[in-house]
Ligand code: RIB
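We begin with a single chain expressed as structure tokens, specifically the form predicted alone.
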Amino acid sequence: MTSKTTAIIDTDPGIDDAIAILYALRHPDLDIAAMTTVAGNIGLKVTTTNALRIATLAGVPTPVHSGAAAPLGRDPRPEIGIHGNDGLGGVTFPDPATGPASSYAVPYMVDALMTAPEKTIDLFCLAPLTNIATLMTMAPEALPRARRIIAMGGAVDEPGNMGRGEFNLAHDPEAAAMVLHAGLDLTLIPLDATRQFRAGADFLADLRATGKAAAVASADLIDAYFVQTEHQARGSVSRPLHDPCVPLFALHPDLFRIETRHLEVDHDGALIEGPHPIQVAMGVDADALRARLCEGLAC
């Protein structure tokens, strides 16, 4: 019998965050101990409420701990043009069954990592790394106790999607530099990999055909991800499914091509050549990932 992977999801839902969370909560091989939220795609109050709404739809009671409301020393720059004012592309989710946990994100993570046996908790990072960097400052002994960190972020050979950088790293470059330069057991999944992972109409039909709430909601979210700006035509495939790559990598690392690159995070949040060896995903088996994603959402 396969033992479950225990993880904390750090997130800013977000359309693709929502799909990743639904997959992780429903998958029988993952045990999501909690979600911690941060301002990123949209403001903290909305990301926290969205995490609670997603857990309610998934039918998996999961504590949600509110975290950082702004980057380290910078103003927030939400991305409502893609995710909408509600963060979920206008897709209907139920009202939260519970409110947020009384403890905040970073104190919760410190306690969880320090009380659990060492190397038994993964961190799935789907958002700017503000909470994780704050954790390093508050309790530097806690983060190395994590089994591994899997983070969506960055652009290595690909161009960025927020100036020179990718949104998660560029939203809080100081936090990104702290985490990525620390020599942690970390795998980064950048745009180089996620831009290879998209969905078309056939995949949406497959999701809806399952009749499962998480799969149908994910189809609706991906459908919202097809919509372009008023100046662009609707494409035949979705925008990249960035964040689902994180829990998918946790369970199916063989479907990702991992390389060691020597990098650093610059002032704009761009990844440039540097002294820090970082494990980065540079390719994916997209067909196999779509199949695994559908299977997990249909659980």
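Counting begins at 1, following the sequence as shown. Computed from a predicted structure; not experimentally measured.
Heads up, the form predicted together with the ligand isn't pictured, but that's what we're talking about next.
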Review point. If you check 242, 65, 27, 53 against the ligand in the predicted bound form, which one has a heavy atom within 4.5 Å?
Key: 242
Exercise for review: Could you check which residue among 167, 124, 197, 108 gets a heavy atom within 4.5 Å of the ligand in the predicted bound form?
Suggested key: 167
Practice item. Please check if residue 152 has a heavy atom lying within 4.5 Å of any heavy atom of the ligand in the predicted bound form. Key: yes
Exercise for review: Although the ligand is absent from this view, report whether residue 191 comes within 4.5 Å of it in the predicted bound form, heavy atoms only.
Suggested key: yes
Practice item. Answer for residue 37 alone: is it within 4.5 Å of the ligand in the predicted bound form, judged on heavy atom distances? Key: no
Check your understanding: Would residue 187 count as touching the ligand in the predicted bound form under a 4.5 Å heavy atom rule?
Key -> no
**Study point:** Candidate stretches 208 to 216, 141 to 149, 116 to 124, 167 to 175, one within 4.5 Å of the ligand in the predicted bound form by heavy atom
**Key:** 167 to 175
Point to revise | Contact set, 40 to 65 vs the ligand in the predicted bound form - heavy atom within 4.5 angstroms | key: 41
